[in-house]
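In the block that follows, a single chain appears as structure tokens, in the form predicted on its own.
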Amino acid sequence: MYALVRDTFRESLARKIFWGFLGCSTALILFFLLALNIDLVEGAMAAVTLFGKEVDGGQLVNVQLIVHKILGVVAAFLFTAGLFLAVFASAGLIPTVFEPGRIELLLSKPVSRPRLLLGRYFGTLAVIACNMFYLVLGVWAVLGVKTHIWNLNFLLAAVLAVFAFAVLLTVVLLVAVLSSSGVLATMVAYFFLIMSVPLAQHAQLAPLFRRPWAREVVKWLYYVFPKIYDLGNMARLAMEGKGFQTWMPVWSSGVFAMVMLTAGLWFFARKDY
């Protein structure tokens, strides 16, 4: 398993996928490092400048408030552009396994099919997790040095973002097994990612449908689909130091991921190449 994960990691380096994601993360870290300047006076911010321009008019503001806002921006990046980039990158690692010629070579090795697929899955997850934690730890360190506030809850945002990607990656894996198409696998994963936004508002969305069965469908779709939007909201609440009302988005998304992963392994074990 370790060899399979390492092989996936090396392939991401060779395909420049790892370096591309790393470059985007580094650019965001440098943005906060070079563009943001904070002057502290007795635990409050006397001035906040962005690209040399004063942001708050020179009034004393609470340090915690501005830090939470900045961390919120990074969390929003992780659960929007970050996940979009991660899913796009995964399309260059998992579906390529099923290319003609390559899949036959892999299946000729003395490795079981489930282990082969799981090795590719965990290898892809490791590539993205390294980049996400690099981004979060980098921004966390920059803000900690500038504000002297070390919000450990921010690290939870990285854990939730990696978990959200792990859920979406099971969709990529299943669709790739069934279709051997990286484009289709990416489209389906994006569908679940985008649909999590309106479905998170199912309580307000359902009454818009006239028929009772349609309202029930909307409600059930919310509970069945992965709750990426809700996971992002949990990350925001964690950074604001607020507790969670429920852990349902985590365990229900985990159940969804287990079903997708099990289905992918089952179809892969029985498919002829």
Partner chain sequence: MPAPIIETEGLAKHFPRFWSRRVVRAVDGISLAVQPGVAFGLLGPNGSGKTTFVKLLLASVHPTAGWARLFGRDCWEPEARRSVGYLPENHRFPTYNTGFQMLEFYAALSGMPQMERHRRAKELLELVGLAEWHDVRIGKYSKGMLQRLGLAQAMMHRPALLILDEPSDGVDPVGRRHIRDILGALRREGTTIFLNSHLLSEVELFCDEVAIISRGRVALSGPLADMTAGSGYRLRAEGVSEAARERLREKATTVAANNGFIDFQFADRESANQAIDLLREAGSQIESVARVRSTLEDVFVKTVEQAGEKP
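Residue numbers count along the first chain shown, from 1. Quantities reported herein were computed from a predicted structural model and do not represent experimental measurements.
This protein has a second form, the form predicted together with its partner chain, left out of what is shown; the following refers to that one.
*Asks:* Select, from the options 96 to 104, 189 to 197, 136 to 144, 83 to 91, the stretch whose residues sit within 4.5 angstroms of its partner chain in the predicted complex by heavy atom distance.
*Replies:* In short, 96 to 104.
*Asks:* Considering its partner chain in the predicted complex, which of Ala76, Val111, Val159, Val183 comes within 4.5 Å of it through any heavy atom?
*Replies:* The option sitting close enough to the partner is Val111.
*Asks:* Can you check whether Val259 is within 4.5 Å of its partner chain in the predicted complex, heavy atom basis?
*Replies:* No, Val259 is distant from the partner.
*Asks:* Report whether the minimum heavy atom distance between Ala14 and its partner chain in the predicted complex is within 4.5 Å.
*Replies:* Answer yes; at least one heavy atom of Ala14 falls within 4.5 Å of its partner chain in the predicted complex.
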